[in-house]
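One chain is shown next in C-alpha cells, namely the form predicted alone.
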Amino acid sequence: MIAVLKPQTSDKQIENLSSWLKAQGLDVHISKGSTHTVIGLVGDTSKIDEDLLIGLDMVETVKRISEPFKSANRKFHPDDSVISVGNTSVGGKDFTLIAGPCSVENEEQVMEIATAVKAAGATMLRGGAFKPRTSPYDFQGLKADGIEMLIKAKKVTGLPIVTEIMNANHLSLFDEVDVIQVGARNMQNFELLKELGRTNKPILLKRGLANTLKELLMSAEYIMAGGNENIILCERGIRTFETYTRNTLDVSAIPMLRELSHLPVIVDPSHATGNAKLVKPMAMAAVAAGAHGLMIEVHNDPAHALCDGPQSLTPAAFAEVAMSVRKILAAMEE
C-alpha cells in the first residue's frame, strides 16, 4: 500500500503519520519527490483502515500495490534512485561505464587494463576474483589475491572496483570492494541475498539466464527487505533456442525495468552475446533503449585470456565503443 501526501504536508505531519503507521506493525518507506511525498507500507496492511487513511487532510490518494515486489517498485519510489559509488554514481542522468577483465590473472594485467579503460572513459573497474565456472577443471580465479590486485589498481587509478561474490562467508574479503556483484547463477541464492541485505554496500544484481523480470525484482526485494536499498540491476542476456550467440540480449527488459522499478539498470553486452564483434552494436542498442550504464569485458590479450577471451574487447576496441556511446548519449539529449 502507498499513501501519496499533498504537496504542502509538513515534515512534522509526515513524522507523526509515519510513527502511527509503524505502531501498527508496518515497515514505512518515505520517498520525497519534487512535488509529492510517497509513504510506502510493507507488511500486513489489511489492518489499516483505507478510508480512515484517505480521510486525513494531508493524504491525497491511497493505492494498494498488486505486485509482490514492494520496495523495488516505482510506485513506492516514483523518482529514479541514484546509487553513490566512491567518487561516481549510477542512475538518474549519470551514465556508467564499467570495464575490465573477466578474470584477474596477475597484477601487471590488471594494472595495464585499468589504466587503459580509465583513459577511454570507464568510471569503474570490473574484475573476477572468484569465478563460477561450468567445469570444475577451468580456472576458478585467484580469490583473495585477486581482490588485493583489484584494490591496488583502485589505488593507482582511482576507479571504484566491482567484483563477484560467491559465498556469504567471503564477505570480510570485500571490505574495500566498492560494488559487490551477484552473478546470474546466484540471483536466487536467497541466503546470500539476505546477508547482502544486512550490508550497506552497493549490490550489482545480474538477471539469471532463465529468469523473468519479476523474479529479478523479487531477488532485489530480498536485499532491500534486509535494509540495503543500494541495488543496481543488470540485464546480461537470457538463454533461448539461438545457438549463434552465447545468450540473447533482452533489450526490451531495459525500458520495462525502468517502468516497473526505480532502481538503475545497466547492461552487460559481453555475456549477452559471447562474441566480441557483437559487443559494440549491442552496447549501442542498450544505450538507445535507456540503460543507465554498461559493463564490458576488456582484456589486453584476449586470445590468451584464462576466461571468456572470445567476448573480451581489446583496450583499443573498448575505446571505440566508449566513443560511440558518448555520441549516442549526446544525440539523445538533443
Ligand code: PEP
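Values in this document were obtained by computation on a predicted structure and should not be read as measured data. Numbers follow the displayed sequence, beginning with 1.
One more form of this protein, predicted in complex with phosphoenolpyruvate, exists but is not displayed; see below.
J.: Taking phosphoenolpyruvate as it sits in the predicted bound form, is residue 132 in contact with it (heavy atom to heavy atom, 4.5 Å or less)?
T.: Yes.
J.: Though only this chain appears here, would residue 262 touch phosphoenolpyruvate in the predicted bound form if you measure heavy atom gaps against 4.5 Å?
T.: Heavy-atom contact with phosphoenolpyruvate at 4.5 Å: absent for residue 262.
J.: Is there a heavy atom of residue 229 lying 4.5 Å or less from a heavy atom of phosphoenolpyruvate in the predicted bound form?
T.: Residue-level check for residue 229: no, no contact with phosphoenolpyruvate.
J.: Can you work out whether residue 194 and phosphoenolpyruvate are in contact in the predicted bound form, taking contact to mean some heavy atom pair no more than 4.5 Å apart?
T.: Residue 194: no contact with phosphoenolpyruvate in the predicted bound form.
J.: Is it the case that 80, 233 and 258 all touch phosphoenolpyruvate in the predicted bound form, with a non-hydrogen atom of each within 4.5 angstroms?
T.: So, no: the whole triplet misses phosphoenolpyruvate.
J.: Check each of 157, 71, 181, 189 and return the one that places a heavy atom within 4.5 angstroms of phosphoenolpyruvate in the predicted bound form.
T.: The option sitting close enough to the partner is 181.
J.: Exactly one of 143, 170, 185, 152 has a non-hydrogen atom within 4.5 Å of phosphoenolpyruvate in the predicted bound form; which residue is it?
T.: Exactly one residue meets the criterion: 185.
J.: From the candidate stretches 81-89, 194-202, 124-132, 108-116, select the single one in contact with phosphoenolpyruvate in the predicted bound form, where contact means a heavy atom within 4.5 Å.
T.: The contacting stretch here is 124-132.
J.: Scan 277-308 and write down, in order along the chain, each residue with a heavy atom lying within 4.5 Å of phosphoenolpyruvate in the predicted bound form.
T.: 295, 297, in sequence order.
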